[in-house]
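As structure tokens, one chain now follows by itself in the form predicted alone.
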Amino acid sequence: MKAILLLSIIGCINCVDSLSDTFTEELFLKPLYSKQIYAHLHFSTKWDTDYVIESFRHTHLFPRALGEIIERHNVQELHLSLTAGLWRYETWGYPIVDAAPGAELWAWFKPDTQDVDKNWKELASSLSGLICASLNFIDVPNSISPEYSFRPSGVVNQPFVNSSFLRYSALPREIVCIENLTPWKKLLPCESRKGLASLLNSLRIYNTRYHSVAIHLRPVCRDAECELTSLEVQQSVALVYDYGILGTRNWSIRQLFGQGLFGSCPLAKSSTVYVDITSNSSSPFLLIPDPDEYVTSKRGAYTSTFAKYDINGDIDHISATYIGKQNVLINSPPPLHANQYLTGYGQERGGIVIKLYNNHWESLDVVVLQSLPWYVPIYLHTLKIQSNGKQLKPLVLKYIPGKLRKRPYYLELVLRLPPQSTTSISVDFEHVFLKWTEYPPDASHGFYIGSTIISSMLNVARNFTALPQDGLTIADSFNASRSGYLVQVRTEVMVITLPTPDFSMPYNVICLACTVVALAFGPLHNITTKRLILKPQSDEKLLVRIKNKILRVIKGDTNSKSSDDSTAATSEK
């Protein structure tokens, strides 16, 4: 009896603990400079529990499938993104959540982890099954442990950061499709049945210039003293629609997502839509219906205005109609953006060039991270850094050469960019030969090199919409002025062509061998199976033989005519 009572008490405690979580959903809409509109759906779940001892057997709003994975593999922080397209920083500014093209995964493991590489491999395989992505291709030969570019975004128990518990990898060739979106939506409390997640129509999402699906998990402080911790999961979908694809610059919820709003998620603490109307002074547009509230945000000496809608049963549609003629706008690029490209020609040597653009009036300290596959060996002695035509010496340089089929090449630089400057980083590499089994099915397409990551702390918030370090929702970014704003810029991916064997040669050999066998088999088969009979030679002359042949033909025609006449007579009778 005492055992039953004890089990009942434990069950009640677990039920109460599982209900100590909150869920919020938000939609952020912002017209961009270059005739696009940015839509960001943000779903946040916060669970007041101790992530160190939590077993994730009883959950309420927190996704249990994800919790069991991080508990099994001893994960402290997890960041996963699947992206198609390239974010254009120079014209779109900075996104709320940044992501590289393809698949990107990095995780911090707990300090008591015995074998980080084993847990990392198993974690990637588990997430591959959870999200239906090719993350199982992530392994030690394509993973690194950056020392300066990444820091824990949540609570840590150690006085210093040990990057040996960090693993980062990217699959730039990963294709994002509906197979990834469907299991991602199942991690939400209401899935896609109710709330803002019901707007995620696959036909509309994958008809955009840019779309990204992300999951971010971290432990955070529950109060100001940080005596207790909570577990936080942020799920986001970022979309960039092109007015050319929409057919008009007047947009609406129904036009963007293919349907209207059908109320909020019953389990959500709040469901809100924010529309950035800061550009209304230069390109005015009219919102229908009128917003519930106007929010003015001052962040880093820059003021933005937002229209706020609280989703309930009364609001099912939001639209914007531009007033007057379209004005010519002047682009104001962000303080920092970058790109990269390949140089060289031929199948022996090549080069990589990374260009950093500092549009700020002050110097910027940046961290440049480049990870190259083991089959793209770079030479450190060819590294050249120039800023406005002058040599620039890095403040910190860390280089780990790769090992054939065991470890990628890792290069991390700390630079101080002069104000109003363009800095170029170039390094040479060599094309290597691979085993014929190491080529992909479409070997002539080439091999992908992942994005370069540039990290910096800005002292201005121009074109900056990201969440603060301690923020959970989009509303937390309003009036969130800080001494610095962390940005991470990811460049485009590159495709290199390695020396490729002629994979059509086996096909040609098979065709040739089969043809030779067929031509040789026919005569041999006839010779070995057929009987040869000698025909007696006739002594008749040529003219006699021709005459006899003509007579036989004539007799044959006569016989055929007589048979036809007899058949006709019989039919008449």
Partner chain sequence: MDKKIRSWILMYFLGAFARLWLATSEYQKIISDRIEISTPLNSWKRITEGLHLTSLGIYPYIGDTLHEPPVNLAVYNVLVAACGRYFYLIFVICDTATAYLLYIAAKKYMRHLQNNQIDNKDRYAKDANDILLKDSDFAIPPTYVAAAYLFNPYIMFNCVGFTTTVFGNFFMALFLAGLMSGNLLFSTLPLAICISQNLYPILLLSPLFLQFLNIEKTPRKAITAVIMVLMFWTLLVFLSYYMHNSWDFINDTYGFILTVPDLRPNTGLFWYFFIEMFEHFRSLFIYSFQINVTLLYFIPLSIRFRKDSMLLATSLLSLMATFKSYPCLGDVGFVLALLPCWKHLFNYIQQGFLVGCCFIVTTALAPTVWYLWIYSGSANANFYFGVTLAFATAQIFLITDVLFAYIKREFTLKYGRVRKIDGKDAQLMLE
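Residue numbers count along the first chain shown, from 1. Given the structure is predicted, the values throughout are model-derived calculations rather than measurements. The term rigid core refers to the most C-alpha atoms you can superpose between the two forms while keeping them within 1.5 Å.
Below, we turn to the form predicted in complex with the partner chain, even though it does not appear here.
By the 4.5 Å heavy atom rule, the three marked residues Gln114, Lys118 and Ala320 all fail to count as contacting the partner chain in the predicted complex. Residues placing heavy atoms within 4.5 Å of the partner chain in the predicted complex fall in a single listed stretch, namely 379-387, out of 233-241, 379-387, 272-280, 298-306.
Contact check for Asn526: a non-hydrogen atom falls within 4.5 Å of the partner chain in the predicted complex.
At a distance threshold of 4.5 angstroms between non-hydrogen atoms, Asn463 is out of contact with the partner chain in the predicted complex. Within 4.5 Å of some heavy atom of the partner chain in the predicted complex lies at least one heavy atom of Lys530. Contact check for Lys194: no non-hydrogen atom falls within 4.5 Å of the partner chain in the predicted complex. Between the options Pro501, Pro284, Pro289, Pro266, the residue in contact with the partner chain in the predicted complex by a heavy atom within 4.5 angstroms is Pro501. Among His431, Arg88, Arg249, Arg209, the residue placing a heavy atom within 4.5 Å of the partner chain in the predicted complex is His431. In the core-superposed comparison between the shown form and the other one, the C-alpha atom of Ser504 has shifted by at least 2 angstroms. Superposed on the core, the two forms differ at Thr515: its CA moves 2 Å or more between the shown form and the other one. Positional change of Leu524 between the shown form and the other one reaches 2 Å or more at the C-alpha, relative to the superposed core.
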